[in-house]
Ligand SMILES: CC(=O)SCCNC(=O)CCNC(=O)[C@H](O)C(C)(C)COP(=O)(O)OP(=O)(O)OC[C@H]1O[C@@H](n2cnc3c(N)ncnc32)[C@H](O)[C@@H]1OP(=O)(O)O
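One chain comes next, on its own, written as structure tokens: the form predicted on its own.
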């Protein structure tokens, strides 16, 4: 692709009383424009997403009434990745020279509580309790652990790493490190996942300024090598699936990751660091293999050896992931890209991956079975 990320902006994640999700989005956009050395008048196109905090296109009331096309996106946890896909496509197609992708949210406190009808599901599905995603992820990781020899200890270690990394991230919500015993011994939510193995709905915003890669781009211009988005196929087992098909097929994460690597001409083994969806500890473990970063079953040793830590051979979720940052749905996918831009610039401070990383990967996954992946290079 001939697209670069010229600017990044963030509003801290967590809980910010008195500031709406929309206002947080505006703050992130303005920060990204400052980072790029541009103004809103320079922007030709925008795409934005939010699950619960309003229509992003109405941000123009604060940013400026310039008449640009601004598309709203709503695609579950892959909302941010969808906005980025659309913004990048506008540049690739020649419709824009400069585009903004933004995601924000401000979720009510407590677990996500969805209406089955909104997802095309019958009422009985909600009555059984399956609209609670905690149950789905618990069932999925139970089966995965059985099939691939993953231990409960690995689940706890993933969370410990997340909170350690979050403690180094000034924009994270959960910044207190926890021991393996504290994670494993916290309240059981859905076996085998305890309270501190799950992320929480929250607040936050991220914006990216994209532009056509200029000649002689500076070291701060991180190239968007590829972006891919896929939905589920029949036979995959996904969030809000009302049945399990007799014949199983790979989920959208596998398809999106394959497409992303193929489009960039990059192999998974070339990746220096990755941010993957960690709605809970088990999700990080499963997605490590589904994205091709390792083989199924290899996660146990990689995690135990410290390979996925910041100073390891395959750093994963260096900013603390969803576990430490929480999940404002519209912003999560763009938060991952924000982190990877910092890492490739060498600007990640105390959580900087050593060795001047050159290739960074992101992955998001959400209901009802959607996934978006990116590859960034310098």
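Numbering follows the first chain given and starts at 1. A quick note: this is a predicted structure, and the numbers were derived from the prediction, not measured.
Keep in mind the form predicted together with the named molecule is missing from the figure; the text below concerns it.
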item	value
Interface membership of residue 261, the named molecule in the predicted bound form, 4.5 Å heavy atom rule	no
Exercise: residue 229 in contact with the named molecule in the predicted bound form, heavy atom 4.5 Å	no
4.5 Å heavy atom contact, residue 366 to the named molecule in the predicted bound form	yes
Exercise: residue 163 in contact with the named molecule in the predicted bound form, heavy atom 4.5 Å	yes
Per-stretch contact check against the named molecule in the predicted bound form, the hit in 150-158, 274-282, 79-87, 303-311 (non-hydrogen atom, 4.5 angstroms)	274-282
The unique member of 95, 142, 72, 195 whose heavy atoms fall within 4.5 Å of the named molecule in the predicted bound form	195
Contact residue in the predicted bound form, from 146, 248, 118, 109 (heavy atom within 4.5 Å of the named molecule)	109
Residues from 180-208 in contact with the named molecule (non-hydrogen atom within 4.5 Å) in the predicted bound form	187, 189, 195, 196, 198, 199, 200, 201
